[in-house]
Ligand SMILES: Cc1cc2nc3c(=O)[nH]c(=O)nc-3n(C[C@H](O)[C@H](O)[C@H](O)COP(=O)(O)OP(=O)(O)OC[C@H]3O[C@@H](n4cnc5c(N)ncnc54)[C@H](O)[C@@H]3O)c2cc1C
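First, one chain by itself: the form predicted on its own, in structure tokens.
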Amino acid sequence: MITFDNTEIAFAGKNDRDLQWTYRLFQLIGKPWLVKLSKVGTELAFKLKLPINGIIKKTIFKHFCGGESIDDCSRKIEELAAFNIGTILDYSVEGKSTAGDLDRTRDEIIASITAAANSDSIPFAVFKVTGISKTDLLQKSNDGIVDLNAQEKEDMGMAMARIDAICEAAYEAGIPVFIDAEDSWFQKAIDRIAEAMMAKYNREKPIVYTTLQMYRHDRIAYLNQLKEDSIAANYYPGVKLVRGAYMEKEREKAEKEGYPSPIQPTKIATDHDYNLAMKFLVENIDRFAICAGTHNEDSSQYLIELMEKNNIAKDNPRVYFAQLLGMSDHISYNVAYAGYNVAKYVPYGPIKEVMPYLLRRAQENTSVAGQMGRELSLIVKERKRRKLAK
């Protein structure tokens, strides 16, 4: 059993100054009113073209992002690798719609795959389908076959070509790539795309991974169907499990438009299905690969127990733990120290373009009960330990 309370291991990558800064930042993020105010303030500042990039770069961007480019991330990659933690380069630019912008995002993701192929410290690549496709087109095609006009058919063909180019690059480089989960009004379309890419590129082993948000009550049924479909089509699925990032928006839209909410009734139900999905994947590890994206200590411990029970080696490449950069270091560093495969999502991109991601991350943190309190208590514990050790 791993203890996540070992703060000496958890914060081994931070000197006293870094630890103090992290403590102050988490104190601020723990205040919902301040996070909301910051969102409004930064959006206004960018509209007014105020010079705030420097302030952002030295604060929230520094903590949660690796840099503005892949090269900028090299220092963070090395820092994590020193503690046996891999990096998942996450180009976090959102909201683009022109063909040129979507093509540039595709090229950046392929560049991250190339960087991974040339490094032992970058085990995965990742992308969002909405980052390389027009969102209105995804939403229109979400429920299946629809009548597309000539322009829409052309746009859909271009989107599929971008996705295929990314997955082909991952296949040729031998670098697994995650297709992230998104809002439910896009997700059926994304599921179909992920399944098609897995059927094409996962003939020998998992290269393309789909992502399941377990705060949705239909994902266990989907997972069982995925197993049957993959056996019939003879491919090996990769699955990244997360709890989910769009719960409040999902419930509001369902209520507003009068359809049943896709979200679990309680957090307990989400936790139950998350752990059930991990159990299913570990027990079917001959067909699946799993990346458990979680900041939950109980789920992390449970996955370790499942691996032990099923005689799965700690360094089996089909099982990974993952957390976001700047969060839950007590999980990442302790699990990696024990010899398991761990990677951190390291977002990067131009500061202005990455701000929607950063603000959403801050909002999510304030909505997770006890998250900031747990982080802060561990930092306080480590500061006391270091003070006594001097």
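Counting begins at 1, following the sequence as shown. What you see is a predicted model; the values in this text were computed from it and never measured.
What follows is about the form predicted together with this ligand, which we do not show.
Looking at this ligand in the predicted complex, residues Ala245, Lys267 and Leu324 each place a heavy atom within 4.5 Å of it. Figure note: of the listed segments 281 to 289, 116 to 124, 177 to 185, 163 to 171, the one touching this ligand in the predicted complex, with heavy atoms no more than 4.5 Å away, is 177 to 185. Within 4.5 Å of any heavy atom of this ligand in the predicted complex lies no heavy atom of Tyr302.
Taking the partner from elsewhere, Arg203 is found to have every heavy atom lying beyond 4.5 Å of this ligand in the predicted complex. Thr211 belongs to the set of residues with a heavy atom inside 4.5 Å of this ligand in the predicted complex. Taking non-hydrogen atoms only, Thr130 never approaches this ligand to within 4.5 angstroms in the predicted complex.
For the residues His295, Lys76, Arg106, Lys96, the 4.5 Å heavy atom test against this ligand in the predicted complex is passed only by His295.
Only one of Arg192, Arg251, Lys140, Lys153 lies close to this ligand in the predicted complex, with a heavy atom inside 4.5 Å, and it is Arg251. Within 4.5 angstroms of this ligand in the predicted complex, the stretch 214 to 230 places a non-hydrogen atom from Tyr215 alone.
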